[in-house]
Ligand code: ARG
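Next up is one chain by itself, shown in structure tokens, the form predicted alone.
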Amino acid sequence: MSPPDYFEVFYAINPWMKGDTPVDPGLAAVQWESLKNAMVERAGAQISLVPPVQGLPDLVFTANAAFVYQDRAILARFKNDERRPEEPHFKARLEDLGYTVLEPPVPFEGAGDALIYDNRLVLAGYRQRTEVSAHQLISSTFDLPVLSLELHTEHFYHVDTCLCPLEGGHLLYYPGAFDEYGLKVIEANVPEEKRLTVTAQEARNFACNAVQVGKSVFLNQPSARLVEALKRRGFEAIGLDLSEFLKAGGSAKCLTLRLY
């Protein structure tokens, strides 16, 4: 994670970043601390920090830093110029933590667009921020099968905004973010009883941008329906107010990068 010391919205690189509602820095700090503390206290997570950098407001969204697995990391190559200066900071921190860092030749936005499902394959998004050719690098580097999912709406610009793998092979996802082929890929690889869909309203509240640690699922203000649906599958939904980060198009998952 990276503290939101310099978090604000002063440019627009996705439809959520309207800039007409300024970020409240104090509230953002409280919300970020609440997420960090909840993951530590409720689920025993261990947190490593990336120092914040003035002028890099989106550094707080560490999910996009890299795809990390075992002892290697494929660093982000951001599509938008506004985020490119984040790359050396993420690279330095990952190397400090002992990872071998690879740099892709094409746009690729880390764990924002590549998620490990059921410890056996990668669900990877493309079109909006990541080039599909980057998926081959994931497969060849980690010897993991990669299922490529086209994201066909600008509001769900990373795969982690519309899909969240959960323990035990469960999958939380928003069907409206994928094309017909992508839905067929999901349905062919995830058993029906393991699939948990969210509504359009829940998706726009970033329900899929969740962090799972053990049986705890941390997410922005979930609906009662979703809390109950997760409970039936053995998970505890822990709702948090992350409204300040939604102004930039991110929530709990965007604020974290899982280190394997």
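One-based numbering along the sequence shown. This is a predicted model, so every value here is computed, not measured.
Another form, the form predicted together with arginine, is not on view; read the next lines as being about it.
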Review point. Which one of these stretches, 180 to 188, 119 to 127, 159 to 167, 92 to 100, sits within 4.5 Å of arginine in the predicted bound form when only heavy atoms are counted?
Key: 159 to 167
Review point. Hey, in the predicted bound form, does F61 get a heavy atom within 4.5 angstroms of arginine?
Key: yes
Practice item. Would you check, heavy atoms only and a 4.5 Å threshold, whether N14 touches arginine in the predicted bound form? Key: yes
Point to revise | Heavy atom of L242 within 4.5 Å of arginine in the predicted bound form | key: no
Check your understanding: Does any heavy atom of A248 come within 4.5 Å of a heavy atom of arginine in the predicted bound form?
Key -> yes
Check your understanding: Any chance all of R83, G112 and C254 sit within 4.5 Å of arginine in the predicted bound form, going by non-hydrogen atoms?
Key -> yes
